[in-house]
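As a starting point, one isolated chain is supplied in structure tokens, in the form predicted on its own.
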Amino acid sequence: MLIEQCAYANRLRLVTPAAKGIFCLCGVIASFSAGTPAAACGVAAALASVTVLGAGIPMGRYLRVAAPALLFLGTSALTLAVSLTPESLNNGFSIRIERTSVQAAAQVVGRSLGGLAALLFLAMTTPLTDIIGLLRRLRTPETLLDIMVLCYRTLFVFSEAVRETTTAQSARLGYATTRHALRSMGILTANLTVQVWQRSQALHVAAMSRNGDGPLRFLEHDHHHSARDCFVFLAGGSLIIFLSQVLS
């Protein structure tokens, strides 16, 4: 939900999604074409600056959205840099950190940070409805787009159910103590499982009753100055690619 809030409340909201998709693609290309970890980190910093300063995304929200991916990336980098080797004498293992492993981990981290920053730019500045419209114009299979629309709708249904159930439990002091909180969490999980299943079935029945055998359509926002926006973001993306090559 935090990503969607940022997508609807930023300075680049009215920019055509094609331009932002081009810029995101240029960012990914720049990240993976960077020859050194420093160059890849420089690309990531430039993309993050565009998202935070250019689009007006608060730094706190940006870090909150990126935190799970950064935690996973840090764990993966640790496993790449550190190796465990068996010792025949002591029947144990020894921890080894080699220079080549550290360099490989740094390269992976740098490129991953750049790719993450590029994708966060697109996700936090473009609502999912605009992204789906862009994918439809790119001839993405309709089945995949329908699954995306249904998952998008289910997220809001799931969030609303969580909020209502949590509010009701809090009003009855369901989280007053640790024991009550654990019990309330168990009830919440069981209740949500049943609700999501029932609402999914109801959505399926509603679609079948309307003879819904075609793609799910919705109104798209009319973006002005699309050609100008595409040119500006293409120029910016090309500049970032050039920056990655210069820093390498």
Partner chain sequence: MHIMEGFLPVTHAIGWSLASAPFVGYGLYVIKKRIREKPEQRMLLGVAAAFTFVLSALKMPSVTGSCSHPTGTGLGAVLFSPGAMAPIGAVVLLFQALLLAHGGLTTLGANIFSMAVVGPFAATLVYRLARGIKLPFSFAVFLAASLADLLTYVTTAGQLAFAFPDPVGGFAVSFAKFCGVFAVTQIPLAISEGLLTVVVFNALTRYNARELQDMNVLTGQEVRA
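Positions refer to the first chain, counted from 1. Not measured: the values here are computed from a predicted model. Rigid core (definition): largest C-alpha set, two forms, superposition within 1.5 Å.
What comes next is about the form predicted together with the partner chain, which is not displayed.
Original post:
Three residues, R111, L128 and T178; all within 4.5 Å of the partner chain in the predicted complex via heavy atoms?
Top reply: Checked in the predicted complex: all three residues contact the partner chain.
Subject >> Contact label in the predicted complex: L134 to the partner chain, heavy atom within 4.5 Å >> reply: L134 lies outside the contact set for the partner chain.
Original post:
Looking in the predicted complex, any heavy atom of V82 within 4.5 Å of the partner chain?
Top reply: Heavy-atom contact with the partner chain at 4.5 Å: present for V82.
Original post:
Looking in the predicted complex, any heavy atom of S49 within 4.5 Å of the partner chain?
Top reply: Close contact is absent here: in the predicted complex, S49 is far from the partner chain, nothing within 4.5 Å, heavy atoms only.
Original post:
Looking at the partner-bound form in the predicted complex, is A38 within 4.5 Å of the partner chain by any heavy atom?
Top reply: No, A38 is distant from the partner.
**OP:** Would you mind checking 42-63 for residues with a heavy atom within 4.5 Å of the partner chain in the predicted complex?
**Re:** Residues within 4.5 Å: none.
**OP:** Could you tell me whether the Cα atom of Q198 shifts by at least 2 Å between this form and the one not shown after core superposition?
**Re:** Shift of 2 Å or more: yes.
Original post:
Does the C-alpha of L182 move 2 Å or more between this form and the one not shown once the rigid core is lined up?
Top reply: Yes, shifts by 2 Å or more.
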